[in-house]
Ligand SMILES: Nc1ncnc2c1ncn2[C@@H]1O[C@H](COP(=O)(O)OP(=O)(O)OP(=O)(O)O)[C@@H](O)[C@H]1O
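Here's a solo chain for you in structure tokens, the form predicted alone.
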């Protein structure tokens, strides 16, 4: 079964084309790492899949259109804005996707929220104010909120921003544990920490420059096409690594 199918997907903004003629089939479950320079359309691609921007072409999520399909997605945007003018607590943030004004908070909601906070090692912050936390702690809370609906698909746009090495490592291990049950699309600049859990790499520069297994796609030729400069690649029998770390160019 395909978790995501894209056919001739194009998104246009006033300033021009953001992504063009994207054709892709992602099987379920799969771990897909998306790479590309600034302005390559990575965030636009994720927003299109979520039905958040107008698009041309066809998008299917678990066989459904984005409006229906996004119900099975947990989405962590690159920059999340929480209104800190109101004294929002950690539990309020994590419970947001589960609670409506009509139904209110149920015991099963609270139980699930506590479960995902334990996953990110933040259960002790249940009643703390969200705006009093560090950037890395806030990112863990937002990560927990992404998991609280138990989605089939995780879409994560640079989820390790503002996190320290310990937090980043623990979140990667958590994602690795979901590999056999969820489809994960993750935008990241430094693929090296993810090469061992990545099933497929998508190289995006408005168009798809490459899609496939790490060892087949991460080549010096492809990296130069992607970033416009030589990027050394170290190959091992099992996989390969990009030399130079973060490529934000």
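None of the values given here were measured: they were computed from a predicted structure. Numbering follows the first chain given and starts at 1.
Missing here is the form predicted together with this ligand; even so, the following discussion is about that form.
For residue 158, a non-hydrogen atom is located within 4.5 Å of this ligand in the predicted bound form, even though that partner is not displayed. With a 4.5 Å cutoff on heavy atoms, residue 63 does not count as touching this ligand in the predicted bound form; it lies far away.
Among heavy atoms of residue 193, none comes within 4.5 Å of this ligand in the predicted bound form. Within this chain, residue 59 is remote from the site of this ligand in the predicted bound form, having no heavy atom within 4.5 Å.
Of the residues given (30, 43, 33, 222), 43 alone sits with a heavy atom within 4.5 Å of this ligand in the predicted bound form. Contact with this ligand in the predicted bound form holds for none of 2, 70 and 151, as no heavy atom of theirs lies within 4.5 Å. This chain is displayed without this ligand, yet in the predicted bound form the stretch 43-51 from 43-51, 177-185, 194-202, 208-216 comes within 4.5 Å of it by heavy atoms. Residues of 11-50 placing a heavy atom within 4.5 Å of this ligand in the predicted bound form, in sequence order: 13, 15, 18, 37, 38, 39, 40, 41, 42, 43, 44.
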